[in-house]
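Presented as structure tokens, the chain that follows is alone, the form predicted alone.
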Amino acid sequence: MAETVRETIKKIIRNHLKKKKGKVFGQCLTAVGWVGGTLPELYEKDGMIELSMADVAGGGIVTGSALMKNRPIYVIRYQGFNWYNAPMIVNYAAKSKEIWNTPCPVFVRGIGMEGAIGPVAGSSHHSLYFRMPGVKIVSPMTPGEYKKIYKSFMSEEEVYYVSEHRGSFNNKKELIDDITGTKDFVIIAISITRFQAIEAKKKLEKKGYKIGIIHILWIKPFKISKKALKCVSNSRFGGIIIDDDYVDGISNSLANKVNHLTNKKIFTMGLSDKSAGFHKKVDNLPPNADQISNKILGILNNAKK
């Protein structure tokens, strides 16, 4: 029986603590829910370290653990909290190997979610790490992808920012690109938007359009296959990058790269440029299938004029 992303993470964490003798740090790890069911029921004696609610201090403690070769996994329960947790990660852990030839590998689990949780905690914030040297950024949404990036982390000496999303935790399926044949338009999707992008593709194909889809796991370094780029190059009207972050960050940067590599116009779509509130009427949610398909229909209709 196929495992969910949740079950996969939980097994990896157990193995990391019990067999690899690593450490896991974070706030409220052993509280009700065990971080969305992604942590095994282990405690401090097993290497599961509860941090205080002093968010700014957590990154420094984890960096110290990495310097002691503990291979720490740092759980940040809401990605927005990276505004407090990231400084020591990006300014010390990420630079230690380059400047002092002292590796400081940290596996940062930044967990995204949205819905009535206010202007600070919600959504994905991987763009915060994007401009800083020494950091690798990945956004796994499937069990296989998560296993792959953990294995990669354990074989290297780098800082990994792992942009997760609670919306993927129940997922059991691998997400497959559709890049064969000549497409009218290509969707390049990141994070939780990958699931809604699939639904948008179906909606547009019912209208007679040929829509490609490319699922992005590696954000930095940006990894996209030559075959995928060729699909965009051969498309009639280009493509769109969709993300669960504000577009003035990773989305626009990657769109520029893909544009140069394919000579096709690449649009972007992500969070609205506003702060979220604590009620569904004032939420700021990632694009859904209807919004994505409507956006693409608008692009296609303008291109035909």
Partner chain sequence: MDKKLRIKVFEKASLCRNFEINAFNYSKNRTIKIPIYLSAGQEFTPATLSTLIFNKKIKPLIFAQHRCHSTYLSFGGKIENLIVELLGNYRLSNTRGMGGSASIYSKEIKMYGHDGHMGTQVPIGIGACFTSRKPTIVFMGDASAEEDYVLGALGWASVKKLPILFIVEDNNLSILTEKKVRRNWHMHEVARSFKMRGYDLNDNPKEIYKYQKYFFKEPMLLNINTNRLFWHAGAGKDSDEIFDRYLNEKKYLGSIGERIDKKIKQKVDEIWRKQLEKL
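Residue numbers count along the first chain shown, from 1. What you are looking at is a predicted structure, and each value in this text was computed from that prediction instead of being measured.
This next part talks about the form predicted together with its partner chain, which is not shown.
Listed stretches are 239 to 247, 260 to 268, 52 to 60, 275 to 283; the contact stretch with its partner chain in the model of the complex is 52 to 60, by a heavy atom cutoff of 4.5 Å. For the three marked residues, 208, 300 and 303, no heavy atom of any sits within 4.5 Å of its partner chain in the model of the complex. In the model of the complex, its partner chain sits within 4.5 Å of a heavy atom belonging to residue 64.
Not displayed here, its partner chain is kept clear of residue 222 by more than 4.5 Å at the level of heavy atoms in the model of the complex. In the model of the complex, at least one heavy atom of residue 44 sits within 4.5 Å of its partner chain. Taking the partner from elsewhere, residue 195 is found to have every heavy atom lying beyond 4.5 Å of its partner chain in the model of the complex. A single residue from the set 234, 152, 91, 170 has any heavy atom within 4.5 angstroms of its partner chain in the model of the complex; that residue is 91.
Checked against its partner chain in the model of the complex, the residues 174, 199, 156, 98 give one hit for a heavy atom within 4.5 Å, which is 98.
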